[in-house]
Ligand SMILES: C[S@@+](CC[C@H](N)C(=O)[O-])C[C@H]1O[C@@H](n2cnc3c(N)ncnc32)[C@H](O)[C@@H]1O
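Presented as structure tokens, the chain that follows is alone, the form predicted alone.
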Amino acid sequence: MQRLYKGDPLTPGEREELEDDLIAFCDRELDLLGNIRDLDVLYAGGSSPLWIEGLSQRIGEGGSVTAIDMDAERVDETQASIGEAGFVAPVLILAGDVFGLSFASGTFDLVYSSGLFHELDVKERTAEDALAALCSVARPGGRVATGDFVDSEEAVQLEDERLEAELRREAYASQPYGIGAPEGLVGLHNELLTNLRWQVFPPQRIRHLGKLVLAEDEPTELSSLPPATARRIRESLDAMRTRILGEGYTRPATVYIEGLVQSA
């Protein structure tokens, strides 16, 4: 869903607080990976400069970061934004699909995804297929780790994500995997990995994120939908905005899962 903003609704101070909270969230998630120094890492969670920089710092000069993102436009934007940034570990950013990874078997010491599965389109291929693809490019005995949203506790962003998934289904006939109980993702990983460990973290408040959501323009996709469908989604969006005004905007709980790829 394309998100358009009416300028920047945040003051410089609010923007700084928002970025501080996003950095803290990123650091918490990446710290769960433990010591990843000198590893060759595939990041299959998108092309966020914040996450790529955090991985690069933790890996150091002896390893590398390869990031894949299905959105080619977002990849271009990230490459333009980082410019000549001096990352510690070499960084390669590619437009790519987890179902069509072009890497040789056993390329990476660690394969890491963040927020990948809840947005995954499983209309033609399953979440099991996606995880198997990630495992296939990790070396035997290497690690595969996943961080994603779960619905174990109530959070306003769960409603936002539900509406986005509905819009994707209606506008593009896609079928997002969606956000569910942590046990669902854990069970998925348990089928393909050994020495599994996992942990759930509570919803986290990101200061002023609600202001950005309230400042979003109407999704452009609504104009292409049947009037009754568009009206229903607009009413749901209005209800969510009213809820944000009353109680703020909280990110969902997250689950972190990691395990080892079975040796050949």
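Just so it is clear, the structure is predicted and the values come from calculations on it, not from any experiment. So that there is no doubt, residue numbering starts at 1 and follows the sequence shown.
There is also a form predicted in complex with the ligand; it is not shown, and the following applies to it.
The shortest heavy atom separation between residue 70 and the ligand in the predicted bound form is within 4.5 Å.
In the predicted bound form, residue 90 stays away from the ligand, with no heavy atom inside 4.5 Å. In the predicted bound form, at least one heavy atom of residue 48 sits within 4.5 Å of a heavy atom of the ligand.
Proximity of residue 156 to the ligand in the predicted bound form falls outside the 4.5 Å heavy atom cutoff. Partner proximity in the predicted bound form, defined as non-hydrogen atoms within 4.5 angstroms of the ligand, places exactly one of 185-193, 172-180, 138-146, 95-103 at the interface: 95-103. Exactly one listed residue, out of 131, 167, 116, 150, brings a non-hydrogen atom to within 4.5 Å of the ligand in the predicted bound form: 116.
Residues of 126-161 include none with a non-hydrogen atom no more than 4.5 angstroms from the ligand in the predicted bound form.
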